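Given as structure tokens, the chain that follows is alone and in the form predicted on its own.
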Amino acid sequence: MSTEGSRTTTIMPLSSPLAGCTRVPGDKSISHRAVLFSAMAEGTSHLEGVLDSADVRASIEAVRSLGATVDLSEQPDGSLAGSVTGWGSHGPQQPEGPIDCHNSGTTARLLMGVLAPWPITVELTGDRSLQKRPMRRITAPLMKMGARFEPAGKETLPITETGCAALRAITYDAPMASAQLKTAVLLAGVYAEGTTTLNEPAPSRNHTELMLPEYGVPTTASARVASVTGPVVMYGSDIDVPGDASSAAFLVCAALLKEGSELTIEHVSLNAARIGFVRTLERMGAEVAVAYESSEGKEPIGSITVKSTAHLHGCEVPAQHIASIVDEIPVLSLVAAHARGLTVFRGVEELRVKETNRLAAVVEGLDRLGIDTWVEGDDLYIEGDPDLEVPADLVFDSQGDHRLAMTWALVGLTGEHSVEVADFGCVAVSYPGFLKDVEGLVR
């Protein structure tokens, strides 16, 4: 199915449809939070199903350097499980040097909130890609609470943060819907005197609001408002991380596009803020459905079933729904390329500041497929072709972005010709076993 070259990976077409039942690795967002929240808590937390990826390992390394004891080992299914003993009311220790967040924006941004209430000075840095991503959206509200960041006004990493033992509670109107921004402010608010409230222009992922009560922190939350009242002592918890909905999206779209496929993905997070891609595919006419089965804490868990669908049609996705599909827009754009008519994603400016400029990359990639794709302002337009014939000898550059790498891999997997994907190894950030899992579903 794939061969490794010095710069590129050759992705071969699937020999048969995808079929059966499978699971995807643990949810990346929940895994980050389970590690970080457990490190903040008094006592020992027991974790299962933690995603073993480069991004999550960045969070594990970070909390170890701050004094947490992390004993997570690889399980037969490839996940991590074990215990984390936190620093609790003693607070994190002064690390010996800078904390390298590698490529993980979640690690860097959430750590800013974790560190804000403690009188230590920590330099946060990352790889070249992470050093280009905006951090001012996080530092601005935390400075209002009393944390200091140097150099003053710096937009990107590396940044040095000095916390404040007398953190102030605030009410903050976020300029964008961002779960990372919301979480950083709420984590700082856990230790601030009074009620910290964050208002959003549109709903974002709510894993933090669902998980904090598991650690003894009451939260107040609605669609666009979240708050905590501090100071509160966090206590260890037991967390079983469900499958990652964003990873599931790539298998769903692969089955959707590969004729004759029928696939069920089990034990996956069905959080409403994470399965916007399912609702978008439904609007495009896809045969896809979810079934709720249980919950871990307040996180809904269940299965997603999909059948290949021959007659897809374009749709319009309004700006207020983008936050729930922001990580899936590249692969949804590929599906839109196979649909009849126009698909419009409104208000996708956030794609410009992800691991790379995903907006420009999507336009460039679909252009190579011969699909008319353009941007007007912050809106993405795709004129699909249900009779799309993928050209031979295509080479795609992932630009080191895991979502793009898997999206362009689907072109080869579900098409008639192999494709080359440069730097495909970057999928280790979120789904290291992606190709292996796809191979296991060929019947």
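Keep in mind that this is a model prediction, so the values were computed, not measured. A residue's number is simply how far along the shown sequence it sits, counting from 1.
Not on display, but discussed next: the form predicted together with shikimate-3-phosphate (S3P).
Determine which one of 305 to 313, 319 to 327, 366 to 374, 259 to 267 lies within 4.5 Å of shikimate-3-phosphate (S3P) in the predicted complex, judging by heavy atom distances; exactly one does. One stretch meets the cut-off, namely 319 to 327.
Contact residue in the predicted complex, from Asn271, Gln180, Asn103, Thr125 (heavy atom within 4.5 Å of shikimate-3-phosphate (S3P)): After the contact test, the surviving option is Gln180.
Query raised in the report: Does shikimate-3-phosphate (S3P) come within 4.5 Å of any heavy atom of Thr407 in the predicted complex?
Result: Thr407: no contact with shikimate-3-phosphate (S3P) in the predicted complex.
Heavy atom to heavy atom, is Lys354 within 4.5 Å of shikimate-3-phosphate (S3P) in the predicted complex?
-> Residue-level check for Lys354: yes, a contact with shikimate-3-phosphate (S3P).
Does shikimate-3-phosphate (S3P) get within 4.5 angstroms of any non-hydrogen atom of His338 in the predicted complex? Heavy-atom contact with shikimate-3-phosphate (S3P) at 4.5 Å: absent for His338.
### Message
Only counting heavy atoms and a 4.5 Å limit, does any residue of 184 to 217 reach shikimate-3-phosphate (S3P) in the predicted complex, and if so which ones?
### Response
Result: Arg205 alone.
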